[in-house]
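Take a look at this one chain, the form predicted on its own, written out in structure tokens.
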């Protein structure tokens, strides 16, 4: 019977898959506090050799009751294990982002997207700003040590920053406007000095300075110097495969080829000390089979070959409603996940006619968002009736940061064909020559809406944008270039006015700088009309009033003023419509199969602090690895 169900599910999943890119309460794992006088764990003194990769036959027969299997994170073979590189394609070990991946390398703090707090990891206790708000100070845990047995020190933290700044890698370039220096005050005390605002004398952007502590790894000074000695420049440094890298996290390299990546637990991991988790993570192995596409990954999930799925699984609810499989999502009902990111259509403001607000808003008003959410997202997104559009994601914290009533008249839920037509008619943008399409100053409005080929849920959304145009008399066609081409075009201004009039890409999710970071990336003119721009504002929007508010917000401390400023920015955005959100998307697609393991994060599961649905690898989500139990011990 079980085999028959799996066959049925496999057929269903293969037929319905859209390609893209509640369990029992768990035992709570919270950050432990140091007990005065209590001895910390003594790190090993022997220096272990560089890990020898396991043979393929061993990796192929991992004990199922010791292995947690993933999908949807690793696509293609791992290139390197170098935490200074931005091109390792090593999804299980390296990702420095709002919720940094901390399986192998660690940050001073862990961000929890559910409560917006940063919890100590390598750090010992909370960080503190000085009285003048010019620098942050924090201490490191005495128990924290590297995989070679040496302690993690303030010198490691300082040298990591110095390396980023010296070689001007992505971390250095992105943070140097806000961080002046990182200093080792003593072996366990770190001071992060901020770039100061010339007017106030305080940190120019305290949000970014604080976020650095939970988004960027601490890398060992001694190993970094070894890396520098054998490379010498940024290109060579980042290209080094770093097979000898020293790490501080609970897992490390065990096996990797073009079919699978496996990390193995370091049983000497310092986090078992009472000052942190007090024990080791439960799975001995973290394994990720490299599936050819989402369809095969979804079938593996249904068959119990995958425990944690970070991919879009179409109509996920069918697996438990129709087939009674032990599969669940963080939320028991639609939208099933926390919609933290906002995939958005950006208008190319250099395209003829898109300089007109009436045209931009009419298209956005006419789009059938309910169809996008029902079909492209299979209801794995909140609707715009449930969460009216703004610049905020659907999380409670962000929704509280603006005055909903003050912007209600500017919001739209979509499918408003009559309203869109009236807006265009009132602006004098009409079909004069009778060909069915409207003209602006005598020229027919014709646009191309585009996103990468193969990102099928996005493609379905873009098709709805084109359909909306036809319904209101604007000729919009679609184009789906390959990602290899798309990524070289939409990031460079000027965007072509043939083929790239409306471009789709994602925005920031949940992180320690949000929603400011998202608003900044969507609207700040510092990114407008630039090249090699991976930040945002790809359409070239410029508004000095918005810039002034965005630049002032990081230094604001009055909650009422912060809310007023965000409300004004939402007003500007919904009035000017330089871009528009098409759906709410989870920060991660966190779907679990509990046929082997249970105790995964679910809404209201009683964990404190709450463990977010980020696949037990990112930020405070790593705490979920300590809450797992076997279904059949």
Partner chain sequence: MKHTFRQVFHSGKFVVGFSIFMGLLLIVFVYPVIIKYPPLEVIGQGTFFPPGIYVNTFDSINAPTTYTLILDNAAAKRISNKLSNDDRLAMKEWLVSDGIPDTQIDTSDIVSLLDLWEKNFDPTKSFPGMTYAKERYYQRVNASLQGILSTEAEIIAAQNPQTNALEQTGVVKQTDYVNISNVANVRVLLLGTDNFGRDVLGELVKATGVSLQIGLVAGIIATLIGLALGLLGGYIGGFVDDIIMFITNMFTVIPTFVLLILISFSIGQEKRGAVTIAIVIGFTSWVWTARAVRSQVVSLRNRDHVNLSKLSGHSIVHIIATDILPYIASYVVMAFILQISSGILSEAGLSILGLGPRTTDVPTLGLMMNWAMIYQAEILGKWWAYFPVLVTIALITFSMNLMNTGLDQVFNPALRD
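Positions refer to the first chain, counted from 1. In this text the structure is predicted, and so the values were computed from the model without any measurement.
Although not depicted, the form predicted together with its partner chain is the subject of the following passage.
Review point. Is it the case that 294, 331 and 480 all touch its partner chain in the predicted complex, with a non-hydrogen atom of each within 4.5 angstroms?
Key: So, yes: the whole triplet contacts its partner chain.
**Study point:** Heavy atom of residue 309 within 4.5 Å of its partner chain in the predicted complex
**Key:** Answer no; every heavy atom of residue 309 is more than 4.5 Å from its partner chain in the predicted complex.
Check your understanding: Just to confirm, residue 323 within 4.5 Å of its partner chain in the predicted complex by heavy atoms?
Key -> Residue-level check for residue 323: yes, a contact with its partner chain.
Review point. For residue 370, is any heavy atom within 4.5 Å of its partner chain in the predicted complex, or not?
Key: Output for residue 370 is yes: heavy atoms within 4.5 Å of its partner chain.
**Study point:** is_contact(residue 456, its partner chain) in the predicted complex, heavy atom dist at most 4.5 Å
**Key:** Residue 456: yes, in contact with its partner chain in the predicted complex.
Practice item. Please determine, with the chain shown alone, which of 525-533, 310-318, 74-82, 180-188 has non-hydrogen atoms within 4.5 Å of its partner chain in the predicted complex. Key: Partner-contacting stretch among the options: 310-318.
Check your understanding: What is the one choice in 573, 70, 600, 566 with a heavy atom within 4.5 Å of its partner chain in the predicted complex?
Key -> In short, 600.
Review point. Of 548, 234, 374, 357, which residue is found within 4.5 angstroms of its partner chain in the predicted complex when only non-hydrogen atoms are counted?
Key: It is 374.
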